[in-house]
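Just the one chain here, laid out as structure tokens, in the form predicted alone.
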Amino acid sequence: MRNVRLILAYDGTDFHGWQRQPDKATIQGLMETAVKKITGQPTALCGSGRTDAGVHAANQVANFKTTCPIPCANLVRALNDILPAAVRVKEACDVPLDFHARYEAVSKTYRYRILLAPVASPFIARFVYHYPYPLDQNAMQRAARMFEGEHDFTSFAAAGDASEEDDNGLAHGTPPRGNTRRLFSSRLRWHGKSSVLIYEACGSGFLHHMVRNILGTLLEIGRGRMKPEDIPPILEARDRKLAGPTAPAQGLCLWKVNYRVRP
């Protein structure tokens, strides 16, 4: 028996998220079908987390167990030969049998890209939220840093379903308590000299819609409808209705998944 770890990149625009669903195109369902076709064995693919419909990934991590002897380099080529262009296997390698892509993740980094240019080029439109209006970026930056640290993020979870998690928020194999998560960093920056403003959050885990709800709130602050000083009381209130709207999915990308180093 082998345990194979995959690094995946995908354009999530035309998929109903990561998790397999009956009669819907999902990344997990697509990958399990492809792996079965190449290895000849049915398999359950474990992902580091569940990205929502329309959300992208640059380095999603997944693993599956198989007795198929095909070398990892050949698996990469074979899978990419039959996968659609929107999904690529970047890397495959053998890992210890007890490795689990989700349970051993210690942190994840998400990036949300906002295009502030007057016109959205069709070459990037699927991967950014086009927002061609003035924003107070200094206020947004101050507000973004207020999310750093450990907080109860109920006010920034999916309305009516705060307990459901986009990525299950598991770090070190231990489930977090309730809706409390730790953000190690929460920052805004420009992408080079372009008109793309990037919000990047690195945390122990993320609730369902958490990053998109934070970003929607930052945009309200950028428009002057809210103030940076509103963030602490919104967090404390644990009330979704007090935070900003949910930003669109197409600007969000799972950028990186970090794991503890094994001895």
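In this text the structure is predicted, and so the values were computed from the model without any measurement. The numbering used is simple: start at 1 and walk along the sequence shown.
The following text describes the form predicted together with a further copy of the same chain, which does not appear among the structures shown.
Annotated contact segment (heavy atom within 4.5 Å of a further copy of the same chain in the predicted bound form): 123 to 131, selected among 181 to 189, 100 to 108, 140 to 148, 123 to 131. Here the marked residues Leu116, Ser194 and Ile198 all miss a further copy of the same chain in the predicted bound form; none has a heavy atom within 4.5 angstroms. Heavy atoms of Trp18 never reach within 4.5 Å of a further copy of the same chain in the predicted bound form, leaving it off the interface.
a further copy of the same chain is not shown here, but in the predicted bound form it comes within 4.5 Å of a heavy atom of Ala86. The closest heavy atom approach of His56 to a further copy of the same chain in the predicted bound form falls within 4.5 Å. Not displayed here, a further copy of the same chain is kept clear of Leu242 by more than 4.5 Å at the level of heavy atoms in the predicted bound form. Interface residues of 1 to 27, taken as those with a heavy atom within 4.5 Å of a further copy of the same chain in the predicted bound form (partner not displayed): Ala9, Tyr10, Asp11, in sequence order.
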